[in-house]
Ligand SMILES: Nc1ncnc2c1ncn2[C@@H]1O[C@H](COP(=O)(O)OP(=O)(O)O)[C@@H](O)[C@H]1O
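One chain comes next, on its own, written as structure tokens: the form predicted alone.
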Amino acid sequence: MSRLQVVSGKGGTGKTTVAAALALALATEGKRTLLVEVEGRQGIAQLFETEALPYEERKIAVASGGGEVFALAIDAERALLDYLQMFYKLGSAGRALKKIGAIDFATTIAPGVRDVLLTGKACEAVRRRDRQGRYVYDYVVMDAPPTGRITRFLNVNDEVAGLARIGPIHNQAQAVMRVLKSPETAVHLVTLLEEMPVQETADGVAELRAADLPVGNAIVNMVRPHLLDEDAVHDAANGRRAAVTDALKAAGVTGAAGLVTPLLEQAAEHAERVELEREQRKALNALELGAYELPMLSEGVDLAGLYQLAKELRKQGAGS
């Protein structure tokens, strides 16, 4: 089981929700998980119904079996100050640079350096050990940028190559890539059973593989239940009024004839969706990835819903 679990996905697929549920799932049975946010949206805090996350690791949940989930919102400016202190011992001089805007300038003008700082902080958490030599966190889950940006974000070695061919930044990028391109890492892509998210997932998988980055699973989110069996779907798709009328009468429904037309219309829409979803599943299967499926929650995603999704992930093998 990879210890760095990177979660990406097209916007609107619920990648932050999935990342949070995965962190809970991996923290069961007494494990410790760190959930990392790198985009500054404070989406994790909203999901766990807590105040905005600071730039420090903070416990935000207890998982089934007593495990713990910690969270960290990585701020690129603060990470650069840490970096300058670590390698150059700037101390108060680094804080002075921040006051005059130099830190913000550095992280804006050089996005490759920014990504090294963000990914580097997560990789440091993966490698960190306590005084007994044990890993501080069993797993680190990163709520990463969307699919269209994930390969460039993770492939920091190429990003900084033109900026620093030697020195601490180069060495940091090399250390990050040793983690990101190792079996310690898995990049999961969240999708929906819709054409555009599935196509973007396929493109993302191709880009990750071309960059030699380890692809994990496709996680299909917000899966709606099939309300009709195959025979009913076939009847609806073919407009078989007599079969539907007979079924309503057999169920003891009065006024069955008047209900047939609206029911057939709804059933036909359902049958069309089922067929489209079947096609998208075939497209995902062609990617030759492992896959998890998470149900659409009728009440929306709240804290209880997160635990429900985590339980579903555990049931399908996440963390085992």
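Note that the structure is predicted; figures quoted are calculated from it, not measured. Don't overthink the numbering: it's just position in the shown sequence, from 1.
The protein also exists as the form predicted in complex with the named molecule; that form is not presented, and the subsequent description refers to it.
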Determine whether any heavy atom of residue 295 comes within 4.5 Å of a heavy atom of the named molecule in the model of the complex, and answer yes or no. yes
Wondering, does residue 136 line up within 4.5 Å of the named molecule in the model of the complex on heavy atoms? no
Since only the chain is shown here, I'm wondering whether residue 221 would be in contact with the named molecule in the model of the complex (any heavy atom pair within 4.5 Å). yes
Quick one: does residue 211 come within 4.5 Å of the named molecule in the model of the complex, counting heavy atoms only? no
Partner contacts for 1-38, taking the named molecule in the model of the complex and a 4.5 Å heavy atom cut-off: 10, 11, 12, 13, 14, 15, 16, 17
